[in-house]
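A lone chain, given as structure tokens: the form predicted alone.
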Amino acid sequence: MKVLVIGSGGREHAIVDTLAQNKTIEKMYAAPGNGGMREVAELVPVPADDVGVLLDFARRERIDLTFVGPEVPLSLGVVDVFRKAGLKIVGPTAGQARLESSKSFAKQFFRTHGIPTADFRECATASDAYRLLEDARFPVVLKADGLAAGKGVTIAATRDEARDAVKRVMEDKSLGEAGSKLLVEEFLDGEEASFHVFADGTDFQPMVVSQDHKRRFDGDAGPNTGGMGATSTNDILSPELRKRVIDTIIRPTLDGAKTFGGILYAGLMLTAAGPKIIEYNVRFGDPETQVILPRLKTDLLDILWDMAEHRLASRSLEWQDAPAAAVTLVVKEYPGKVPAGKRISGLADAKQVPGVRIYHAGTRFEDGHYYTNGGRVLNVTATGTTLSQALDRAYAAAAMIEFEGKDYRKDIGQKGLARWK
């Protein structure tokens, strides 16, 4: 069997690494992949958004199953193109991917289907946004309508901060066309959680719950990023709250989306009034995947085949009870413009820490060495009998790895530790 995974981040490395545990896979490819993924997959030098070339490759190599990691190729219709060509691929269609690719579409969808979410207003121009902010209650949340790699959200505590965000996004075009429309949302107070499900167009199976750490610096300070670390434990949601999320958010979404297939990831805010949806992603989260998949006992390839064949309901998923934690190592300038080409050392020693897996994100391999090749460089993931042990292991391994400008948050999982106490 030949499998193709599209993408190049830590999420895709975790997916490839998990799939590699299935020995029926004859050959695995990653397009374009990264330095670490070369250990378990052949790298294909094709950008993830070059749908036509990806199709040609899949045909030529007779790929049996393709899995799409990032959001951009999904929004471009890679699933539609592959299916039209008669190739098996797991993921939502371009129309279904609008749940992520357009915040405006998603919020209107929530309103239509009675899914609890924050109140919001849409702004088509900067003038509209400035006018709306005059009467807004602060803090407010401003979101670029389009895809922005996790950097399109601003939580503004004051009117001046909000106006600065409007100018940056809508007038200065810092996010390009993604910021051509802006949503101004009610600020929701509470704890965040990431709720993923596998869906096959008819049925779905929930995964273990995780928590991302989006802000750049300790204490949830600084700008939003693609993710600075994550944890996954069984106590994030009680059984009653988990059922409420499924009944009031997940089922109404899948009923409304009709025939949605792929990964559905609900970003939740656990408010005093109950769980509310912040936003949807239509693919695995990053770095949430890096703490979810190490806890999966059921074979991932079997699950993906079930999704492709619309028989997901026939399988009962098994998960490890062991908590997992991931610490993201970044270049200090991240999420701004970052230098590349810094040599990485200490990986072999870090891998020897019990329970540790290292997932590459922004790396390349050259002349026998790994080098930085992006802002988020590595995800150091560990499992343990307790969350405290998982975090200790992840941080111990993170300290062993070196590259010029290395930085990471030192407070990943602190909210989770408070629950364990």
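We number the residues from 1 along the sequence you see. The model shown is predicted, which means the values in this text are computed figures rather than measured ones.
Not pictured, yet referred to below: the form predicted in complex with adenosine monophosphate (AMP).
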Heavy atoms, 4.5 Å, adenosine monophosphate (AMP) in the model of the complex: which of 317 to 325, 297 to 305, 273 to 281, 343 to 351 makes the cut? Say which one. 273 to 281
How about D80: is it within 4.5 Å of adenosine monophosphate (AMP) in the model of the complex, going by heavy atoms? no
Quick one: is E192 in contact with adenosine monophosphate (AMP) in the model of the complex, heavy atoms, 4.5 Å cut-off? yes
In the model of the complex, is there a heavy atom of adenosine monophosphate (AMP) that lies within 4.5 Å of any heavy atom of F105, even though the partner is absent here? no
So in the model of the complex, is adenosine monophosphate (AMP) close enough to F217 to count as touching (4.5 Å, heavy atoms)? no
Heavy atom within 4.5 Å of adenosine monophosphate (AMP) in the model of the complex - residue from T248, N224, S75, Q205: N224
Which of these residues, A178, L132, V338, M269, gets a heavy atom within 4.5 Å of adenosine monophosphate (AMP) in the model of the complex? M269
Residues from 339 to 366 in contact with adenosine monophosphate (AMP) (non-hydrogen atom within 4.5 Å) in the model of the complex: none
